[in-house]
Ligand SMILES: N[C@@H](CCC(=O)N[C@@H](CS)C(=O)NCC(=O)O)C(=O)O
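One chain follows as structure tokens, the form predicted alone.
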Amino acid sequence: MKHYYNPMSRAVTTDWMLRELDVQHEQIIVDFIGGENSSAEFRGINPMGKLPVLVDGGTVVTEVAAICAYLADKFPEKRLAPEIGSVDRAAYYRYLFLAGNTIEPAFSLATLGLEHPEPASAGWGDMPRVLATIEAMTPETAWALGEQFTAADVVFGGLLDFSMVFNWIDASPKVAAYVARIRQRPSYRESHGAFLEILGKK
């Protein structure tokens, strides 16, 4: 497997996932400043020219949640996903897809001081509903699906962590406590050196 990566991109989350799994792979650093993400070679792999990208043999997977879900299912013995067909699978999918489909678009607009002119027609609605959903879905203790840490925490929790680092969210005590638990995981600390450095300067 090849993981196309830059430490200051969303690929930090998939790097974290790979470290949680402890599976062998080749890490390929893509130089944004040098424009490698715009090269014909890289665009041939991912026309978006964005990271992360996972190449597993002849299979190309892009998007953070898709890569994490793919890896969790590829290595079921690592128990980073509920069993296919289990009742927990529905909640697991919700956490995976909420992050990129709902939370990030809303936060991205908000950081620019923008609001969707017709929130009812936007898939993410409006900021009050997004924040209420985050609060409702953040676990009081342990992890998103209970005692077992899963890819849901990597994706959902990882985005909340990112949002706190870059001041996208004024985290509630419950959200802050959940992110604090995430930041104690050894694989998080191995993969998020740049984030930890930013936090150290705050």
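Quick caveat: nothing in here was measured; it's all calculated off a predicted structure. Residue indices: 1-based, along the sequence shown.
Keep in mind that the form predicted in complex with this ligand is missing from the display, and what follows is about it.
Here is the short version: of Tyr70, Trp168, Phe32, Trp143, the single residue with a heavy atom within 4.5 Å of this ligand in the predicted bound form is Phe32. With the partner left out here, this ligand still marks one of 143 to 151, 47 to 55, 129 to 137, 169 to 177 in the predicted bound form; by a 4.5 Å heavy atom cut-off that stretch is 47 to 55. When contacts are judged by a 4.5 Å heavy atom cut-off, Ser9 counts as touching this ligand in the predicted bound form. Taking the partner from elsewhere, Val64 is found to have a heavy atom lying within 4.5 Å of this ligand in the predicted bound form. This ligand is not shown here, and in the predicted bound form it never comes within 4.5 Å of any heavy atom of Ser163. Between Ala171 and Phe195, the C-alpha separation grows by 3 Å or more in the predicted bound form, relative to the conformation displayed.
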